[in-house]
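Next up: just one chain, as structure tokens, the form predicted on its own.
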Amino acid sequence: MQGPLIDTLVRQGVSRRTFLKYCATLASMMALPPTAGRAMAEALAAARRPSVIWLPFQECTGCTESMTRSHSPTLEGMIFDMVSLDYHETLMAAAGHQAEDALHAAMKDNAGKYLLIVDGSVPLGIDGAYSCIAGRTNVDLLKEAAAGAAAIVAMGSCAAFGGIPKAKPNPTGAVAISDIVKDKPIVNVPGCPPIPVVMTGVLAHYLTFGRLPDLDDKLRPTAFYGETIHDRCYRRPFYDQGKFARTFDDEGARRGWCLFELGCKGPVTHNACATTKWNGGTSWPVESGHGCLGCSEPDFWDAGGFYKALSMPADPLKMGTAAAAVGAVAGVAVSVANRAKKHRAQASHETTTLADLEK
């Protein structure tokens, strides 16, 4: 394998074997076939560093903070070796007019080819004046940057779904990126913030295959958001056994029982927290003793109390069983009613026939 990236890695002491192992691990994490690891390694090794423009709008910088904690690859490894991060207010050394000049130069020199990453929602209230950069509204900057982008990554729940800024009463009129941009490929990477390796994994997929990964109906990568937290939670067996913690310090909590009755939103939240975990795979919220808040779902802030248990059955199998039972009862009732109707019709017919014979 030859190319700009592999040459840089060799100079830094990264062996070919280590690089192949990383690509194989990444392919496995994204549920790709074994041969994809080799293809990913060859594509990444030969790839020229594509231009990436990162625009921050109504956000808290949490997504960037999360990205800095990526361990596979590291943030510095990605922005120095894999991509050319041409604009990112928080991470770039330039400021003021120099920063804005870098942004416009990147858009001009890489028109139609750069990857646009956006974190934060876009405020539409007061003609967008709630959030401006260099005297321009977020919505104007988004439309300009999106026009020349090859694809867009809505990083974090604010960009993907509106997030906390959109929560009631939504004073700024915040909306998601997909509410404004309709003519470009968009991938949503929700989470408040998203998992670091999910963020870098999506970028690596795009660099490898030149396209966005397979998405669900909410434009989320199915490799990371295809299952619920509940599907993969290590506390799931306790849920199946009916063993629940009632408070955060009772015996059930100390034994690691299910947190469903303490408001865990894992059954209705699609994310990879239970498998990829956080902080280099060290832990994740449920393992730390706190229920899932559902932060990768739309309108999670307005969905109800974080510590109020879900009112519906958590287990899709149980919900299916319950629905089947209801359907069976209804079917029996309809069948009985139809039989009774048929018997009444037959009796009426027989009565009429006898009366006619008597005449």
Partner chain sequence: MSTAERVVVDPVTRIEGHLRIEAQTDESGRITQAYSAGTMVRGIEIILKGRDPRDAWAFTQRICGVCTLVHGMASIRAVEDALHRAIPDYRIPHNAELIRNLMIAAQYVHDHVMHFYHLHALDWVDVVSALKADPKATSALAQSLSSYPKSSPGYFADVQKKVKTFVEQGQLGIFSNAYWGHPAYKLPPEANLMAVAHYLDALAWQREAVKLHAIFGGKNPHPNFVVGGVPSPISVHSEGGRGKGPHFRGGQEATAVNVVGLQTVQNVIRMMRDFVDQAYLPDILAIAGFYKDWGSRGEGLGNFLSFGDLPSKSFWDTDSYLIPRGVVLGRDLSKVHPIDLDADAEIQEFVSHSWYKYSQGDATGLHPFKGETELAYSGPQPPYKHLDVDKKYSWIKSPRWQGKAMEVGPLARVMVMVASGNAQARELVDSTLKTLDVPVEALFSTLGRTAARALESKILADAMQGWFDTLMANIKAGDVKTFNDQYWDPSTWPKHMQGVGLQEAPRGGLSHWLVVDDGLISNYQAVVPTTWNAGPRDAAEQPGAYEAALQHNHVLHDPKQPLEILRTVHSFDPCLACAVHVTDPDGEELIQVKVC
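Residue numbers count along the first chain shown, from 1. All figures in this text were calculated on a predicted structure; none of them were measured in a lab.
Just so it is clear, the following notes concern the form predicted together with its partner chain, a form of the same protein that is not shown.
Checking 142-150, 121-129, 178-186, 202-210 against its partner chain in the predicted complex, the stretch whose residues place heavy atoms within 4.5 Å of it is 121-129. When its partner chain is considered in the predicted complex, residue 224 lies well away from it, no heavy atom lying within 4.5 Å. Shown alone here, residue 190 lies farther than 4.5 Å from its partner chain in the predicted complex, counting heavy atoms only.
Contact check for residue 255: a heavy atom falls within 4.5 Å of its partner chain in the predicted complex. Proximity of residue 92 to its partner chain in the predicted complex falls within the 4.5 Å heavy atom cutoff. Residues of 92-115 lying near its partner chain in the predicted complex, listed in sequence order, are 92, 93, 94, 95, 96, 97, 98, 99, 100, 101, 102, the criterion being any heavy atom within 4.5 Å.
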